[in-house]
Ligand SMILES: Cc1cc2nc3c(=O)[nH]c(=O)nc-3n(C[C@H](O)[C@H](O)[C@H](O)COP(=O)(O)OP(=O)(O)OC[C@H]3O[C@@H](n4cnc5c(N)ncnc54)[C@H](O)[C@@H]3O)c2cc1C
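Single chain ahead, by itself, as structure tokens, in the form predicted alone.
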Amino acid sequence: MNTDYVTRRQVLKRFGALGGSSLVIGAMDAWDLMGPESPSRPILSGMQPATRVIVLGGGLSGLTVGYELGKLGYNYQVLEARNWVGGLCWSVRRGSQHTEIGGETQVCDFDEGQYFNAGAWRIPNRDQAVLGYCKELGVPLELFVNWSDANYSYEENTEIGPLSGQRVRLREAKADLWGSTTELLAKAADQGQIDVSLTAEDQELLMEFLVRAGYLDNEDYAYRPPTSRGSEERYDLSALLKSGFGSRVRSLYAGTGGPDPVFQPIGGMMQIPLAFQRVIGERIKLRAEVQSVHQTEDAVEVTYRDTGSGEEYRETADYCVCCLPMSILKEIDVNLSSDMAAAVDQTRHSSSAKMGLQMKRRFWEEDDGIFGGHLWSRSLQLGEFSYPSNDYFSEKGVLLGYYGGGNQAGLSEKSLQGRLDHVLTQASKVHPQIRDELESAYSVWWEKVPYSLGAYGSTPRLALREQLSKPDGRIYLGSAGTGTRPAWLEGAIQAAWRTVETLHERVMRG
């Protein structure tokens, strides 16, 4: 038996023992063993102008369904309860407004040109469906900064030692962790204390790598902080390990969104649904609040209320594609089968919330040299605090001051001012100037937003997903909540594609 190599199966077993499923999945992905990330857009043909379809919901899934049905010549209508399209693709800017369920009314008074994405906000480079539509519909993109060595990490925990309560530059923690560990490895290798099967040439190349990677001295292999770190002071390795900063230092970015590049539409995520709207045009009816959906063997009748006039209307179609959030579908009078109704009732939504903060000046750039990326902290009750990846060096900007569970620290039950006070108190531990620089804030707690009642859906288990993906008589469910990636725009598009393909095949069969 040749013992000079191991199979990929053996390596995966060892990865599993060492790092669990995430390490195994990472290795399989690197070896292209995971299969395609997302299905391709279905290639469909055959015009159907005589077939009438009503699409409920003008979010990304509903717009995609309408757009693709239009290419096939269907007679379709998209009904959207709000006076704007996009659903979770909502870029809050001057004049945006909403009244929370049982709560306060907000009207955004950001300066013209300032905005923040209250829902979806970044597009991974692997999400080819979204990127494909951006190209097809002419939505210009720019880079979204997911990681920057200039950002801070901050933890409050006496158990982590001397770094508790200190803001630490990621580049400092990163350089010192790499430097200290490569120093240990290089010195051990130099003294022959590492039992590895390497040729003399391999050992020499390994030492060269360690010296370069960790900024080590060529002679004694000691780590000496480089000038690009920011200072010659180095953090103790033990303190860094206790602090948990090591979880941020990996060969590839480990946060949400995946490895770079990550993108965002210029002018806000809402530019994507607005591009669909320009193409679909008058087939989208806004302010159409669905009241009921009743189907027979031959047709579907949808009743909706015009929220502007208060008048009620009825529309009849051959089929209905429901792309409403499941939380909204639960509240509507719709005659689904018992199995489908039970499946819908089992769906759940995230309580995610966001808050945008317009600042008088871009102090994070001017004072701290930060351009995009996030503040990393597990102890600050802010969820994710992020800096804009656009309009660098301009006068003002909007920070994402909060992105997390809506009920963290009891925020769902607080007033708008109470939520803002919480965010400013937490953020000022890292950015003490934030209170003085604040001009305006806008809070979006999705579970309190009408026509949403929650943010993205939870991923359904397989049996539930299979049920939700089936046609229920003449009603199809095509929202992102029926798919494998409900928290991403890609999931909304994939669900729409599946629905259009299934419906069209049925119509073509007659």
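Note that residue numbering follows the sequence shown and begins at 1. Since the model is a prediction, treat every value here as computed from it, not as a measurement.
As for the form predicted in complex with this ligand, it is not shown, yet the points below apply to it.
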item	value
One residue of 317, 270, 288, 344 in contact with this ligand, assessed in the model of the complex (non-hydrogen atom, 4.5 angstroms)	288
Listed residue that, although this ligand is not shown, lies within 4.5 Å of it in the model of the complex (heavy atoms), from 445, 67, 456, 442	456
Contact flag, residue 483 vs this ligand in the model of the complex, heavy atom cut 4.5 Å	no
Distance check, residue 122 to this ligand in the model of the complex, heavy atom within 4.5 Å	yes
Non-hydrogen atom contact residue 488 with this ligand in the model of the complex at 4.5 angstroms	yes
4.5 Å heavy atom contact, residue 88 to this ligand in the model of the complex	yes
Non-hydrogen atom within 4.5 angstroms of this ligand in the model of the complex for each of 92, 356 and 399	no
Interface segment, criterion being heavy atoms within 4.5 Å of this ligand in the model of the complex, picked from 431-439, 133-141, 183-191, 318-326	318-326
Contacts with this ligand in the model of the complex - residues in 163-193 whose heavy atoms fall within 4.5 Å	none
